[in-house]
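Take a look at this single chain in structure tokens; it is the form predicted alone.
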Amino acid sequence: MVQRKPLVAGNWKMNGLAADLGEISRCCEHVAELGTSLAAEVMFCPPATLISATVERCRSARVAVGAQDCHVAQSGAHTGDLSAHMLRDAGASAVIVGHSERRGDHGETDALVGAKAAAAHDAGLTAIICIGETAGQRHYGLTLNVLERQISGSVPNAATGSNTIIAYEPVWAIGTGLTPTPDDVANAHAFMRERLGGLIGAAEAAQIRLLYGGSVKPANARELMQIADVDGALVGGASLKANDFCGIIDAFVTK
């Protein structure tokens, strides 16, 4: 049986100033105190302005730091954008691509998301590729169709268990307090694993971690993380406060 170490990643989105880094420090202290009883990796994905400072805060606790987006090019005339190589130079080890807010607010296509993931790989970063259906798509029973299209178009053929993570974030659940049923999550993740197998081979697909995201909080984290093929969580709003994020991290403490 394949053993995949779970990951709890906090996406701060467009939130956070230097004054808020204390929340990250408190989480890092908690992770350090848990030591080997914590059976998961932890990552923060702060805004780009805080990446270097977050790396310094997280170093002693061995908490990873990721970014929230990247450009497909390594350098060039792209004012305001950041390349994957720049993010790695700032200390990031991973980057989120294809988040629903990027797909929706900026019109990012599957092809663009796939190109960003490939750019992340080229820079030596882990690509955390987000996929998920909207409320309308769910209403019309199109969830699996959407997941198949997004996986096929957004996951590079060179994806492996060491350079790629897939995050299932049903758009209708993000920030709403709503979550799919455990059966819905299990079915979606099983389908994702199967579809990845068709794309890159079953053996490699079995190594890729599949995260769940969408209103994950301390009260539901343990139940969600026990679902088959759920290898951790991509957490939004609940990662902004140490008490909430640590409560989610504690779902992975072994006794």
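Because the structure is a prediction, the values reported are computed rather than measured. Quick note: we count residues from 1 along the sequence shown, nothing fancier.
Not pictured, yet referred to below: the form predicted together with a small molecule.
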note = Note: the small molecule not shown here; in the predicted bound form, the stretch from 209 to 217, 22 to 30, 187 to 195, 47 to 55 having heavy atoms within 4.5 Å of it is 209 to 217
key: 4.5 Å heavy atom contact, residue 99 to the small molecule in the predicted bound form   = yes
query = Would residue 174 count as a contact of the small molecule in the predicted bound form, using a 4.5 angstroms cut-off between non-hydrogen atoms?
reply = yes
query = If you check in the predicted bound form, is residue 169 within 4.5 Å of the small molecule, heavy atoms only?
reply = yes
request  = Spell out, yes or no, whether the shortest heavy atom distance between residue 16 and the small molecule in the predicted bound form is within 4.5 Å.
outcome  = no
